[in-house]
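So this first bit is one chain, no partners, the form predicted on its own, shown in structure tokens.
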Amino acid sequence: MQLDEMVETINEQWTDIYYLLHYVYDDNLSHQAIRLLQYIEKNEKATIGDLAKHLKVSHNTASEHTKRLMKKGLVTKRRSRTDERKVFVALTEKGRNVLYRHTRLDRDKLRKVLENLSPSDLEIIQKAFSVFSEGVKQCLR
């Protein structure tokens, strides 16, 4: 299989997996809001400047997004203990829960699928996801 063909196949398979196994949610959040929550989750000391760079928007726009997320109770701001000029944005428990539902696979649905696979297939899936995850982290961090 050619690399371009593999890219298309993986993309198609991933969208099938996510479409069928995602959580149902009723939170009214934009794509940008979810991306900000993800960034905050993965980067413990996220600042407004970091969020602006991540979304490729101005500092003011990132600040407005953050204010909206704060109003919804999804994030908080806290000053650095070592440098009071720095302000970090952190997820609240509610924010973690909302992000989980928007970005993870439904545990019950996933468990149901995995229960129907053979032990050897389960091992292959676990190994493939582990190798792929590590490859992504090494290549894109």
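Throughout, we count residues from 1 along the sequence that is shown. Values in this document were obtained by computation on a predicted structure and should not be read as measured data.
Beyond the structure shown, there is the form predicted in complex with a further copy of the same chain, which is absent from this document and is the topic of what follows.
Picking from 76-84, 44-52, 90-98, 107-115 the stretch near a further copy of the same chain in the predicted complex, with a 4.5 Å limit on heavy atoms, gives 107-115. In the predicted complex, a further copy of the same chain sits beyond 4.5 Å of every heavy atom of Met70. Although the partner is absent here, His59 is not a contact residue: none of its heavy atoms lies within 4.5 angstroms of a further copy of the same chain in the predicted complex. By the criterion of a heavy atom within 4.5 Å, Ser63 is excluded from the residues contacting a further copy of the same chain in the predicted complex. Contacts with a further copy of the same chain in the predicted complex, taken as any heavy atom within 4.5 Å, map within 123-137 to Ile124, Ile125, Gln126, Lys127, Ala128, Phe129, Ser130, Val131, Phe132, Ser133, Gly135, Val136, Lys137.
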